[in-house]
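What follows are structure tokens for two forms of the same protein chain, given separately as structure 1 and structure 2.
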Structure 1
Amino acid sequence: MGEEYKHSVILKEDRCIGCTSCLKVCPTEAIRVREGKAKIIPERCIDCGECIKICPNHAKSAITDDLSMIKKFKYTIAIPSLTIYGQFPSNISICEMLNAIKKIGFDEVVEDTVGADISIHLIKEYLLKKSDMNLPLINSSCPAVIRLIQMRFPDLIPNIIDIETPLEITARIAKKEASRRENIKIEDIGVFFITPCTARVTSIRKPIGISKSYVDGAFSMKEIYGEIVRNLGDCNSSNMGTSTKESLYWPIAGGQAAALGIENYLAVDGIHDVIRVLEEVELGKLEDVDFIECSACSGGCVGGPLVIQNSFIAKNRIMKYARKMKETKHTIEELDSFIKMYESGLIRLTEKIEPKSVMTLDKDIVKSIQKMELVTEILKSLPGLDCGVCGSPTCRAFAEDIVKGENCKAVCIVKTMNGFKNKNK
């Protein structure tokens, strides 16, 4: 393989004008502007896609897979994100959408509702009732939030729900069933996700909590949309697929908590609001809350950087489908099977989620302390405006960049202008 995969978000330098818009929205200070162009620090990027959404020149993009990948497998399965149901007018049925996706060249289309449904009932009927859980429980379905916790809130790692994402659960079950039904080896079956999310691409290529993803690739919803539109039609519009009311709530902010049917929860969407809530949790101020649903994207997955439709319109359309469906009632036997799947390790996290430190100034602890003191001294001379004109997101980041030797030519424009004004009084 060539260079080690780092993250999905990429920069198209020819389109970048160095406007610093991305600099100001990045939640992990992963972006700098140097010589008039934005630069992404790979180790800091959590693939939240905030920079993609805000860039006025479309200089930020995402690395996803090409449709030609499906030719590498004998049998292929598409798993479209549930957000797909909000991308088309309401007169187009779920059946039509799924049929159009299959016509692209897949042998089978499996709805993400499979994993969402299992997750909902496993959390509700089992995990929330266990006495040894660290409260509040934090949902594990948003990979950008998990990477954020690794980086900025490592003490909250034990609070992350010990269960795979609905996508991974769906992929695992779909592969096993297809292998048995078609008499094909697991390795000959390719599972592909139609994603609204850049972080999901990274979670497939570089998963957290599991050693290897059961998903073999991800296609951008934005890029594959035209192919789906061309194939629409020829389906019984009364067929609603296998989606349930609860699973359709999943990609909408607050939908996971609503599907769980619990009262003592928080639902927070938008990466910066997520940070503010996690800071409260870290300080021990939310120990009376049972469950926190965190979504990096505003509006939930329907607000992902790779969607077509406005998140409010998409939410409205999905809710129309959900209102037509009855609530799911699982038998005791079915719930027992979910618990057995979890306890056997089939659908739970199998790898320890480790903290990810990217804030160290030096590997040598003594030198790191000395450099921290130097950062503090430099900060005293800076205006503290965090304007980003210097190419660093904050004054502290500016001082750290200087001390680390990453911005030796840097000049604080505000400080220079103030000095110029004082000199000419």
Structure 2
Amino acid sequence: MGEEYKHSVILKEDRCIGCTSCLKVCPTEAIRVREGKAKIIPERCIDCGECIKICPNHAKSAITDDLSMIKKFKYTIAIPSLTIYGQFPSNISICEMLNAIKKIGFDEVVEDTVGADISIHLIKEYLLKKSDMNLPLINSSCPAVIRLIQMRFPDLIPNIIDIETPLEITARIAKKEASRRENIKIEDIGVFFITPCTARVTSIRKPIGISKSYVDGAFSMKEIYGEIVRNLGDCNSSNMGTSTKESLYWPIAGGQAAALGIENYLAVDGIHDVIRVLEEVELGKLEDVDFIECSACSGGCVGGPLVIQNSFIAKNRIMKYARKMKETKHTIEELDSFIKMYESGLIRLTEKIEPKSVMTLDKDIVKSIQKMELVTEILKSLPGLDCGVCGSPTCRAFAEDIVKGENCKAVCIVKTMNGFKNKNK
């Protein structure tokens, strides 16, 4: 705490009625309801957006950037998430969508394909063939999953593929090229992501594995969708629509493994299933698997909290485009240049991904054993219904909160009621 709030999921207090719907879905038990309002414990939040998706009162929302931000830069580039191709009816061409985005006020639109394609080929032709990798390799492109691993599965950090996300790779290349071509300074170029999720927004503000993001801001796909729709209608730009078959697969659950042509893989989507599978990996049960693709969202990024279309429709539409495309082949020279970019650190995670011990009861082991004893003692007197009415997600969390001194006022209603009944017998 204390530090500047860098999360992208926030609560609109006036809308929250304290219904506890979000308590249960939060994969890291980061939410408490206190004094009738939900509160997020910042150290625990992984910005997965589950609470946004479930909240019936739309009280949870995403803080993304305001479009006016593009005025701060001399030259602006938009990178729409690959999920964008699934958000429009199939009679609208990719080129038309990209053009409509450009008209919002960007100097250039660069497809995320650029980074996805490099990433796919690097993993496929180079990293998967290296002998010193920790199997199963876990993809690094969903930041919510990476934060989950830092918090709940720190032993698996070495299994994370140390390559930057397609977005960061695209941003780097786009900035460099624009700077050279237009002869402007890198600082004067603004790169903006049109995002399907909150997790990525947080990664721009507080990146993992790199010291600074090359992306300058993020706009919620939901929020600027109307703007894009208004601009649809023509398609006269030459350098657009460069997507490859493989990169179109990328935002769909199972698509990364398909793009990589791996047979021995698991594709896991939905944060709770990701947890279940990572638990197995942590027990060493899946060392015979080469690659695990994990997406926090059901269906993959097309199921992100800030997209318009439901993931099934989006998937169908993207697959239609993908089927029309040929497989990509890179020359040895091109591959070599990708490998060089990786080996030199340009597109590699160069900062250590640190474990985060937010679940610990106390830094001192003697004290944490004492606290654990107390938790067990309190638990014995609780009904074990995990009803959430006390404001903690489970009876156990309730007991832990008491021991940590975090909820002096909350009471267990079930217990009180039972006590009341017994007295009146």
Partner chain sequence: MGNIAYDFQIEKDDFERAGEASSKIKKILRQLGIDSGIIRRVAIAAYEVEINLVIHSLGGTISISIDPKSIMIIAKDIGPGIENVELAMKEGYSTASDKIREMGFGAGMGLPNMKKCADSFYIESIIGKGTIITMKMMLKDGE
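Keep in mind it's a predicted model, so treat the numbers as computed, not measured. Under this definition, the rigid core comprises the largest set of C-alpha atoms superposing within 1.5 Å between the forms. Here, a residue number simply tells you its place in the sequence of structure 1, counted from 1.
Between the two copies of this chain, it is structure 1 that is the form predicted alone. Annotation for H58: C-alpha shift under 2 angstroms between structure 1 and structure 2, rigid core superposed. Its Cα shifted by 2.4 Å between structure 1 and structure 2, S368 is reported here after superposition on the rigid core.
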